[in-house]
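Single chain ahead, by itself, as structure tokens, in the form predicted on its own.
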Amino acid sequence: MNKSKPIRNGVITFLILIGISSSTFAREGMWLPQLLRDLHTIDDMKANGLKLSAEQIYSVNQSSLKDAIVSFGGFCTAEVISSNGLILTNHHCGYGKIQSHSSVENDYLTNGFWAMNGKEELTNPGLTATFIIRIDDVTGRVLGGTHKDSTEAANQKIIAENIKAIKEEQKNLDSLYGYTIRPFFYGNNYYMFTTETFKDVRLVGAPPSSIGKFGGDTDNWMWPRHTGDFSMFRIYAGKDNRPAEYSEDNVPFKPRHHLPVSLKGVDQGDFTMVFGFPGRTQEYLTSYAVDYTLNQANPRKISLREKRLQIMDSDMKADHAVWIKYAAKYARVSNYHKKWIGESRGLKRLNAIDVKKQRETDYQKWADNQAKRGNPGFENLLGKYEKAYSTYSPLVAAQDYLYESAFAIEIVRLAYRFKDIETYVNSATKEKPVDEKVFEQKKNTLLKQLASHYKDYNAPTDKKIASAMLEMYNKGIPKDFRPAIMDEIIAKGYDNYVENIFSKSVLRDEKTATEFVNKMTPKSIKKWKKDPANVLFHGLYDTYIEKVSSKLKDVNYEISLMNRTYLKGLMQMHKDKPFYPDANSTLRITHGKVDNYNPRDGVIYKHYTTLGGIIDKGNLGVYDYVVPNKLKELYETKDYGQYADEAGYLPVCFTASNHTTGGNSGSPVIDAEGNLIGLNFDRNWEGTMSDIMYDPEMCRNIAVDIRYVLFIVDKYAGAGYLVEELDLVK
């Protein structure tokens, strides 16, 4: 258990800011687990069916649910499901690692992978599993010494120094843990997370993509869903059960808590809790921000990604080797392309801009009244927003075109990798010349990046994307931020310009690039400066840095300060309402219930799907609906074992009303008694606007039923020994 000194404040600032209402019941919200009791959220959860205490969910002094929740690689969630460190997450969370072990000869993406004993488990350098040991309110200490009459720059300097001092103090007490301090409510509050990170995480099993990715992009963000979106890994530790670098001598980690697995199934109205690390939400945006998102940002990014997807899809269908290389890339690009489309539709349906404007009208009346009562500082805020967003819009457009079109060209992104070593050599002086040892280290890093890049690269595909993206970049970039190099590109023609890069750049193939870097010296870096891929990179990137970056940073900072004031005012305006902080990749709890929904007039979606639906989709002949023969056989014989429901059907997925977002992928769906009933992996398309505005009638998280997971492990994969590791609740 953590021996670090607890951080305590005499008054919990969070509670003073938001007020407390024990009568409020809301399934909306991503709540900090240590505040469930203080905010009376636990009372709402119990009213909704929860049988656990707040201490059983989050505790520092004893084993609790939080000790089974894992930040998987820093981008997904996983949960510990056995006393031997077995963890469960989504197939799409483990996809990159599954792909890294795959080849044409051993295609684990297509065929799946199952270790039948510990020796067959596959190592994954760089993959981490992080636990939260404790969460402490450090608001008082972080803000100590700041003053409302001081400049923001002066206050931020004090805050940075305070954060550094707190973290150093904790490291001196226990250096084996990590310490992260995050702002909440745009800097109105601060919390410190004490973490324990394991670095030896091994792949145990994954179903074939025809199961783990069933439905593919056709079904992504959609319901009804029939995806067995799961994979299994195992955490290894040193013999002292503490984090250790990979070693054959490492042993399976013994967790403080692991989740029992329920075979009892789910019914409509059952309590559900999702515990995980949601990435980012923006629930308190103003109408100016929502208007920009809906009418400018989303349409622009959707259009750019749509073109890339068309090109990748065509090449992937034509060549299976390209499909293996680009499967993960395509999924990443497609994911938010489709999400933005659904988000825009949802915001329009909810009249989000008008709703936000009405809130701002009420806010302005309150602010004017506060100013009369001697509480100024809020009354001129909305006018400042309007001015800030007029500056913000073209700057972000320039940024979007850099990242969504210029950096969509892989050879340009690879050229960016050389920037570090190039900058290092260029910064050398007579007094401080290039250190050969440092130079060699940077070369070695670059060589590793080259190997990683070319493993999953197809130059003909990248050439097509380059021509298309440069054309869209030129047509869309605001005139004030248009790079001069675009004149040269247009004069030569997009295809001819791109052909010149791919025929003359040292990055045209792995052999040439690797030989170039191996022979590279500080003097020969001058040759790299003239490389056509590098010329294009700098032509686009340097203009962004010169004309956009600092201005955008300033206006973002300005808007962030306004957001802090706006949210502080909202909290004062609604003192009887508990406010939850926006997601920021920290540990959160959401609660709801298993439920169906009505997406449009005359249509009601049930809350569950079954194996029969997979067979039905398989008969449609759609590319994304390929059903493995063995799964068909199990369906025909109804060989479901202990995993069928009372009516004899095999459940696959279910929906619930938990408020989730990216980062919640892989999060456990937990029942009222603390048992694992499902694995969160998606949201419904009609509810993707929940990052900005939550609609309890329409927003649904999508989970794979744990019974389907175990059925695939046991009956399909023949890895029943893994089921024997679990504590099954029947």
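Not measured: the values here are computed from a predicted model. So that there is no doubt, residue numbering starts at 1 and follows the sequence shown.
One more form of this protein, predicted in complex with a small molecule, exists but is not displayed; see below.
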item: Proximity to the small molecule in the predicted complex (heavy atom, within 4.5 Å), stretch among 121 to 129, 647 to 655, 208 to 216, 162 to 170; value: 208 to 216
item: In the predicted complex, the residue from 198, 537, 221, 190 that sits within 4.5 Å of the small molecule by heavy atoms; value: 221
item: The single option of 335, 565, 514, 100 touching the small molecule in the predicted complex, heavy atom within 4.5 Å; value: 335
item: 4.5 Å heavy atom contact, residue 617 and the small molecule in the predicted complex; value: no
item: Interface membership of residue 607, the small molecule in the predicted complex, 4.5 Å heavy atom rule; value: no
item: Any non-hydrogen atom of residue 552 within 4.5 angstroms of the small molecule in the predicted complex; value: no
item: The small molecule contact in the predicted complex: residue 356, any heavy atom under 4.5 Å; value: no
